[in-house]
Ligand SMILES: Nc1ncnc2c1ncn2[C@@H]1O[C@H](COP(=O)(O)OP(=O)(O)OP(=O)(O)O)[C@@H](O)[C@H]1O
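This document opens with one chain alone, in structure tokens, the form predicted alone.
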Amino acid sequence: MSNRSLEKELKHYFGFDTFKTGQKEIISDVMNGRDTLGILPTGSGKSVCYQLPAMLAEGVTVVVSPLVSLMVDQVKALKAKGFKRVTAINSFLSQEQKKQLLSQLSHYKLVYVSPEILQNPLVKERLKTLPISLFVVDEAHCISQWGHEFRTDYLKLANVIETFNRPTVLALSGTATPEVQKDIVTQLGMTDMESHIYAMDKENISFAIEHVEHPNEKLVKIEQLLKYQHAPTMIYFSSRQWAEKASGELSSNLPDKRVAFYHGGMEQSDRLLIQQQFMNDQLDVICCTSAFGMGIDKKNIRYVIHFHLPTQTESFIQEIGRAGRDGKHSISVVYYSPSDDYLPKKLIQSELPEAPDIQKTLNYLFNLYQSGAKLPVDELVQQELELTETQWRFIKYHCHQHHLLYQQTIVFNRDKWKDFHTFLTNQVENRFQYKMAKFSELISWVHRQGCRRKSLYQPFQTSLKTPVVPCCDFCGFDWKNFTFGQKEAVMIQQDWNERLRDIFLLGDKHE
């Protein structure tokens, strides 16, 4: 298909006259059957890179997406554009709904799934019967960021690709160092991928860092900052308790601001409600953990404030990239106190089992083997062994990889078990050192003297765009006296056709 034809199809399906940077190149390669890695800045329209081919090509496109809320939003958005042959297989479906959806799966051209749902034998067998032509890993940095510990099913995608008769593969991300790009390609089992790597710095974001003595001082300063600001704001925390505490205090002290909290400990329905309220300008400020934000396509976020830092620079860049998707001036503010190193280090430690955990787990598995019992469900194992979900997933994944587990059956080999203990201990130490080094990189950036923008993006790209807004506090931006002025939020006016459409979309049980 010619580029001219692609432009026509883009206009027909999405209403855009021209492609954004990188979209046409990636789509052309995918349409020609080439495995492709695309690294595009956050907010640059990565989803079009697979949604348009899904509409144009023969066969089915399967998209691996990390979050249910992201799947739901994208399904709704596509249906609103008139593309009805799209669905998501996710945990929101009841058993009856899932059964019905799987029986009708051949009706769809675009199917969203999580890496975990792809390990469901029933889902996998049903998908195998479809003519899958394109396999997409959206937010592909999750393979490297989450796959090695928390969500090990990301590391099984290479086997899934082979199971689906080796369709064309597209991996997309907004942030990936050369090291992470290599890991994505390796873990997907690709030997020859076309790469389209674009600069990820955004010219419309200003940077500021303020050092404080105590975390409580941060709340006072955030309150002072927001008092005269009228702009959608995201505040990131590493602690659910802090997110809730800050939300409560800001709500009390800033009565004209609509504030809510969001974290992974909430019910999914509550999280979706908060997300939709923020998207529709019914909330001004959201106090959230990293569970919020991936795939959030809200154009007018003006402030991304970090009360706590994440554990790596890539996550920080992803989070600030949610600001200013409309191209207008936005600001990243980091409040840093001397005690801020403690929480991220604690989070890293909680993701990995310690040496006594490994020995205790092997003893537990051996006792089950001797008794002839199968491995119980994950929740019971975690409770019995007093492991976090992440720690158990890490151990369980490597047990499967070393053939000590086959589904729920324990396979015993004395020499293998002895070697496995040594291997896993070394693996834990290597991952801990790696993750601590990643965190140290971000801490070094906070303390470094010099242009914030330049030092943040240097490890990711060879050149920087010229900012179209004041660069950073180090380069002279007086962010404390800056205001965005009048409230930008505008209630969306809908005609009766749009209202009916939204009602029917909300009632679609396959979303």
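So that there is no doubt, residue numbering starts at 1 and follows the sequence shown. For clarity, every value in this text was computed on a predicted model and none was experimentally measured.
There is also a form predicted together with the named molecule; it is not shown, and the following applies to it.
- Among His308, Lys218, Arg322, Lys435, the residue placing a heavy atom within 4.5 Å of the named molecule in the model of the complex is Arg322.
- Of the stretches 187-195, 99-107, 322-330, 362-370, only 322-330 has residues with a heavy atom within 4.5 Å of the named molecule in the model of the complex.
- In the model of the complex, the named molecule sits beyond 4.5 Å of every heavy atom of Ser65.
- At the 4.5 Å threshold, heavy atoms of Ser47 reach the named molecule in the model of the complex.
- In the model of the complex, the named molecule sits beyond 4.5 Å of every heavy atom of Asp73.
- Contact check for Glu389: every heavy atom lies farther than 4.5 Å from the named molecule in the model of the complex.
- Of all the residues from 17-35, those having a non-hydrogen atom no more than 4.5 Å from the named molecule in the model of the complex are Thr18, Phe19, Lys20, Gln23.
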